[in-house]
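First, one chain by itself in structure tokens, the form predicted on its own.
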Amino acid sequence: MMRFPRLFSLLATLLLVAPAALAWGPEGHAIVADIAQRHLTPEARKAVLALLAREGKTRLDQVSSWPDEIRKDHPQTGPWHYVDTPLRAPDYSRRRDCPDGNCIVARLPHFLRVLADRNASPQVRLEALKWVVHLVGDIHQPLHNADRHDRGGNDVKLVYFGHPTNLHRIWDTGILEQHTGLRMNPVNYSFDHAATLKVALRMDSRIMAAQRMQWTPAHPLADIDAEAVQWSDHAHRLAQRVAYGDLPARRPDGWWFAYQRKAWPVVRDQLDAAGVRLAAVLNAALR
């Protein structure tokens, strides 16, 4: 029989060696997808359902984490999920941060254009749809848009609400799970879709009309290159001010209560904004 200290050590190891940079975790990505699906136009909804039907699926949240699931077999896609803008830099620089176009700021517009291309095959467009759903979520995660020579916070080891983890992981899942009570299985990354959908619907219902107007791009397809830069820059500033800025250098027991109070509103607004913007880009691409 496994003793409890050994069991705790095993769980801690699983958390620390789990794949890095899975932005928001599957629950967060599902929330973004669920919010977006509620606001698709009839034309976009029909097109989305037709593409998803190729794999026997009916909801965007069923494919929202697919790009993370394939990373082990397709390691070349890893850099597509983030951009390493230096933490002290004021904003994104294509020449410095993405000279080869191999980062999220470049790949998101690419896949959106593929999705909008009626001449592309349905299978190619389905894959592009999966990438768009996922990358819109990723680009709103602050630690996917900043780096302090620590792999986006993955090397910042800490304890959060009594659990050994790292800074990137608490922004992926810890802050969200602590507030909502959602729980992901750390072994296979499965989660309760029904419970997550309830959280998404509750979050969506609390988005104010003024916020929707502020977050919705006027020309989401034509201006997607500029939009991607703006979304990344905003997330970068949140990493500076909150993710790193509010992280105390000394972290005694209980430090996490104050950090959670400051971080949750940021996580909530970024997930909400990602859902609103995902609906906007899908509606534009699939009209």
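Computed from a predicted structure; not experimentally measured. For every residue, the number given is its place in the sequence shown, counted from 1.
Form predicted in complex with a small molecule: not shown, discussed below.
Inset, instruction - Look at the stretches 82-90, 176-184, 192-200, 157-165 and give the one with heavy atoms within 4.5 Å of the small molecule in the predicted bound form. - result: Selected stretch: 82-90.
Inset, instruction - Have a look at 127, 97, 147, 204 for me and say which one sits with a heavy atom within 4.5 Å of the small molecule in the predicted bound form. - result: Filtering the options by heavy-atom distance leaves 147.
Legend entry - Proximity of residue 137 to the small molecule in the predicted bound form, heavy atoms at 4.5 Å: Output for residue 137 is no: heavy atoms all beyond 4.5 Å of the small molecule.
Legend entry - residue 133: touches the small molecule in the predicted bound form, heavy atom cutoff 4.5 angstroms: Residue 133 lies outside the contact set for the small molecule.
Inset, instruction - Flag residue 212 as yes or no: does it have a non-hydrogen atom within 4.5 angstroms of any non-hydrogen atom of the small molecule in the predicted bound form? - result: Answer no; every heavy atom of residue 212 is more than 4.5 Å from the small molecule in the predicted bound form.
Inset, instruction - Indicate whether the small molecule has at least one heavy atom within 4.5 Å of a heavy atom of residue 151 in the predicted bound form. - result: Residue 151 belongs to the contact set for the small molecule.
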